[in-house]
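Below you'll find only one chain, the form predicted on its own, shown as structure tokens.
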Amino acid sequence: MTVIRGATTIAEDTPEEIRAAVKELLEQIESRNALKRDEVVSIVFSSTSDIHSFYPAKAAREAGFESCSLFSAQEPDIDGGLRLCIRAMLFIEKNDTPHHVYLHGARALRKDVAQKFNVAIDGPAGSGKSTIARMLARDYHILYLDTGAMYRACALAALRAGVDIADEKQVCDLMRGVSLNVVYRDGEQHTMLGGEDVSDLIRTPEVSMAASAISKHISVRMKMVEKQREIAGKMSCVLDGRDIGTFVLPDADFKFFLTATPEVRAKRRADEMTAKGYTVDFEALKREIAERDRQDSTREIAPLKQADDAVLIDTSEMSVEEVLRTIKSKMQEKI
């Protein structure tokens, strides 16, 4: 049995504030701990004595926590204590390291675990940024947001619909009806397109090239950027892409730009595709990567570019472990 703690504050004592605060807190606890709903045995809430309008336990039930037992209690008055605060203890049916979550004014209660930070990792295809981003997020127990997967899902939707990817109006019309979501299960991001998990389907060469082309359109980029900023604004996470440090999160706490020679990047991508069962034409793949570099670097909106304050790391002759150690060392220097 594992106990996960969390707390948040509300602006005023209203049912609407309590519902929103409890939902946000529990969803972030789920994400940070890679929880499944049926793993939660019970949740115990306590709220400060200035909260009367709604039971946090009822808010949790309304938020979808239907299979676990729920309790609410009120704390006694404490002089100088935090106001309008809701605390939660989740009892989990597995033994694991808990990652506690403290939001808004409740961050003052646990500054050691409440500090939010974002890491931006940019670079061209095959530079190793996705692998490193996943490992970094795992080691720091924060979320990994694969931004490229979001654009790939848009590209897959366009290919399936048979629209002209170069025609911004057609793409824009399609995007209005596209249901795209990102969910986290077992510590991994799953990209959902209209309720379908397309996490593997978006990794083909055809989708890769289409993603580079479709990401040129302002309507697509702004829709994706809005969602990415929303997620990063709520919690600590690592984002990788081509314009994270320059456009998506220009104020990210840590920025890195990974690169490697075209030959090394093509070899990495070929190995990755071969492992998944694809037949690879290495020379064609090199040409595709070169063309994608050209497209990404010359697009009008937020092109592939190293941020002025990003740390440049050439990974051509480095192992994954060496790159990870270098990034962690640079982060520690800044801290």
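The shown structure was predicted, so the numbers you read here are calculated from the model rather than taken from an experiment. Residue positions are given as counts along the sequence shown, with the first one as 1.
Below: the form predicted together with a small molecule, not depicted.
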item: The small molecule in the predicted complex: contacting segment from 32-40, 45-53, 294-302, 60-68, heavy atom within 4.5 Å; value: 294-302
item: Single option in R203, R160, H141, K116 placed near the small molecule in the predicted complex, where near means a heavy atom within 4.5 Å; value: R203
item: Listed residue (A211, A120, I86, V171) with a non-hydrogen atom within 4.5 angstroms of the small molecule in the predicted complex; value: A211
item: Proximity of R269 to the small molecule in the predicted complex, heavy atoms at 4.5 Å; value: yes
item: Partner proximity in the predicted complex: Y151 to the small molecule, non-hydrogen atom cutoff 4.5 Å; value: yes
item: Distance check, I244 to the small molecule in the predicted complex, heavy atom within 4.5 Å; value: yes
item: Non-hydrogen atom contact K255 with the small molecule in the predicted complex at 4.5 angstroms; value: no
item: Contact test, all of K129, T147 and S215, partner the small molecule in the predicted complex, heavy atom 4.5 Å; value: yes
